[in-house]
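Before any questions on how it binds or moves, here is one chain, the form predicted alone, in C-alpha cells.
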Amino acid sequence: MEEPVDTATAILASASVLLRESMFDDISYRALADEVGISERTIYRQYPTRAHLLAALSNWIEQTRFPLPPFVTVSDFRAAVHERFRAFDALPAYAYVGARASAVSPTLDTEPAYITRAIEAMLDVAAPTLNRRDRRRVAASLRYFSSAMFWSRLRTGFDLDADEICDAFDRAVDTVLARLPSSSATRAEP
C-alpha cells in the first residue's frame, strides 16, 4: 500500500508533472487543482501567490530531482556540482524553475540552505583561517556558481552544454579560491 501524501506535496508533484508539458507561467491554479483532484481554493490556501508556489516547487524539485551529493572537500564539491549540472541538462525545464525561483524575492523561511551550510563547512576545512565575513562571501560566490541560475545563464545565453558549463564552473571556483588570503589558500585544494 502506498504511503499517504500530504496536500502540499501532491500539489508540488502534480506541478512537476505539468512542467513536462507547459512552462511554469502557463500552469494555472485551475489546471493544477484539476491535476491533483482538489479545489482551486485549496491550492491558494497552500500557496497564496505564484511566487510562493514557485519557491516551494523549486525547493521540492531540488530535493527530489537534483539532490546534491554530500561533499567535504573542494574536489568533492566540484564532482557534486558537475553531477548536478549534468542532471540539469537532462531535465532542463526543472532546472529553469530553480533558476527562476532564485531570481524571485524570498517567500519561504530565511534559514541558510543546505548547500550554503555545506560550503561553509567545506571552507572551514579547506581554509580554516578564513574570517567569518570572508567565509560567507566566498560561500555566496561558490553557491552562485553551483546554482541553477548559473547553469541557466550559460545554457541559454551562450548555448553551452553541461561539460562546458562544468569547465566554466571550475574556472570560477579556481578564481575565487585563488583570491583567498595566502594563509587560507595554502589549505584549499585546486
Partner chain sequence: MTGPELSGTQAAILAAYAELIEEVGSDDVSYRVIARRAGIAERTVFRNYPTRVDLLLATAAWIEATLFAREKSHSIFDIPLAIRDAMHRYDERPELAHVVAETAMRGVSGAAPSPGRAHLEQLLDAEVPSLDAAQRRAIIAALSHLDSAGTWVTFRREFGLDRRDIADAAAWAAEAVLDSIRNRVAPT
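Numbering follows the first chain given and starts at 1. The shown structure was predicted, so the numbers you read here are calculated from the model rather than taken from an experiment.
Another form, the form predicted in complex with its partner chain, is not on view; read the next lines as being about it.
Colleague: Quick one: S14, A56 and E83 and its partner chain in the model of the complex, is every residue within 4.5 Å by at least one heavy atom?
Modeller: Verified in the model of the complex; spot residues all out of contact, no.
Colleague: Given that its partner chain is not shown alongside this chain, does T116 nevertheless sit within 4.5 Å of it in the model of the complex, heavy atom to heavy atom?
Modeller: Taking the distances in the model of the complex, the answer for T116 is yes, it comes within 4.5 Å of its partner chain.
Colleague: Looking at the partner-bound form in the model of the complex, is V104 within 4.5 Å of its partner chain by any heavy atom?
Modeller: Yes, V104 is a contact residue.
Colleague: Give a yes or no for F71: in the model of the complex, does one of its heavy atoms lie within 4.5 Å of a heavy atom belonging to its partner chain?
Modeller: No - in the model of the complex, heavy atoms of F71 and its partner chain never come within 4.5 Å of each other.
Colleague: Using a 4.5 Å heavy atom cut-off, state whether M149 contacts its partner chain in the model of the complex.
Modeller: So M149 counts as contacting its partner chain.
Colleague: Just one of E164, E35, D124, E40 has a heavy atom within 4.5 Å of its partner chain in the model of the complex. Which one?
Modeller: That would be E164.
Colleague: Would you mind picking the one in Y47, F66, Y29, F145 that has a heavy atom within 4.5 Å of its partner chain in the model of the complex?
Modeller: Flagged contact: F145.
Colleague: Out of 118 to 150, which residues reach within 4.5 Å of its partner chain in the model of the complex, heavy atoms considered?
Modeller: The stretch 118 to 150, when checked against its partner chain in the model of the complex, contributes E120, R133, D134, R136, R137, V138, A139, A140, S141, R143, Y144, F145, S147, M149, F150 at the 4.5 Å heavy-atom cut-off.
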